[in-house]
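Presented as structure tokens, the chain that follows is alone, the form predicted alone.
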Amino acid sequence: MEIVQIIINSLIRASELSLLALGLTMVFDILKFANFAHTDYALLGAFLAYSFSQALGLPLIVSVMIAAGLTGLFGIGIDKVLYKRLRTIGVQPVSLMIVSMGVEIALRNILRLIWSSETKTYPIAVVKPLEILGARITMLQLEIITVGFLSMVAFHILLHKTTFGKALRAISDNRALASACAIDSEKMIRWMWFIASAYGVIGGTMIAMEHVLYPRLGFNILIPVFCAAILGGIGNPYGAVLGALILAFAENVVLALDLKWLLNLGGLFHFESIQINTGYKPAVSFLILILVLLFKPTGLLRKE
């Protein structure tokens, strides 16, 4: 695989993963627990967008926006029903994490019950890919990179140029002090859930658009999303983006490697071209996750 194609494929993958990792790391930064249901929230939004575009005939971008808003409200509702009650009685973050596992399992099976286990595809026209320096990229993939970049810019502005962003950073630094300064922590947490869930829907929908949509997709992308967040430093939004970029490049470089030079043992054997199957892509995430936890458990940009 040419280097330009590797770069393009990596940017596409990073655009998808960073939006999901961003929501995951926001929740961890504020509430100090890993939300295992995060990718299934994203998948709920992806299924809603599919239904709006197919059943109601809405434009796809409108369907995604409506689905992101509804999923954001769903995230707020789950927090109000479960997590807020548990925070009120003072449970430990590990208990919240276990509850999120239950939410993830329940939501995945509800998705299977409503939309069945059959794979689905969005109504996207197939067009001839563009060629850039010998590499191929479709209009959909170009749009994914563009949306990912614009979403990151929008999040940066939200975090640093708005009252909400400043309040959220204050809660992250010292929640008790933020409350003493008349910042409504619970209100900010509700908005945090809305934004984290909505961003997840955009990332999850982009993955489903490029591939296929099915109820287990949320579980299948859980490890790469966690890996990206932990690699960059879970709790740091910019770390989530950096982690997604590094993971995406690692996946595509490994898949592009020809291992015949290694297995031939200097000419002792004569294997033909040997490349790792794309089905082993999750193994790359697992390996990176293990290495990070062994040598840099705080991640690259984790706040002290």
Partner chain sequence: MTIVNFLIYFLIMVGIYALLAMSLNLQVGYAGLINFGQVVFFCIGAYTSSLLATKTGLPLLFCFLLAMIVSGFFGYVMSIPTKSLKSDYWAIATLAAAEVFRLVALNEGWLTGGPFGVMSIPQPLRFLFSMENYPLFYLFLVTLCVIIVFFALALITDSPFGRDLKAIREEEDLCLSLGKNTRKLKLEAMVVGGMVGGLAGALFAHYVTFISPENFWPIETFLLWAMIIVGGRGNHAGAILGAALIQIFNVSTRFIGEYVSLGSDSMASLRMVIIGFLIIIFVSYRPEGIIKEKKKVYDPRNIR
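Residue numbers count along the first chain shown, from 1. Since the model is a prediction, treat every value here as computed from it, not as a measurement.
Below, we turn to the form predicted together with its partner chain, even though it does not appear here.
Visitor: I'd like to know if Val201 sits close to its partner chain in the predicted bound form, meaning any non-hydrogen atom pair within 4.5 angstroms.
Guide: So Val201 does not count as contacting its partner chain.
Visitor: Going by a heavy atom distance of 4.5 Å, is Arg190 a contact of its partner chain in the predicted bound form?
Guide: No - in the predicted bound form, heavy atoms of Arg190 and its partner chain never come within 4.5 Å of each other.
Visitor: Looking at the partner-bound form in the predicted bound form, is Thr146 within 4.5 Å of its partner chain by any heavy atom?
Guide: Heavy-atom contact with its partner chain at 4.5 Å: absent for Thr146.
Visitor: If we define contact as a non-hydrogen atom of the residue within 4.5 angstroms of the partner, is Lys161 a contact of its partner chain in the predicted bound form?
Guide: The answer is no: Lys161 has no heavy atom within 4.5 Å of its partner chain.
Visitor: Thinking of its partner chain in the predicted bound form, which stretch from 191 to 199, 67 to 75, 93 to 101, 149 to 157 has heavy atoms inside 4.5 Å of it?
Guide: Selected stretch: 93 to 101.
Visitor: Its partner chain isn't shown here, but in the predicted bound form which of Leu133, Ala106, Met139, Ile124 has a heavy atom within 4.5 Å of it?
Guide: The option sitting close enough to the partner is Ala106.
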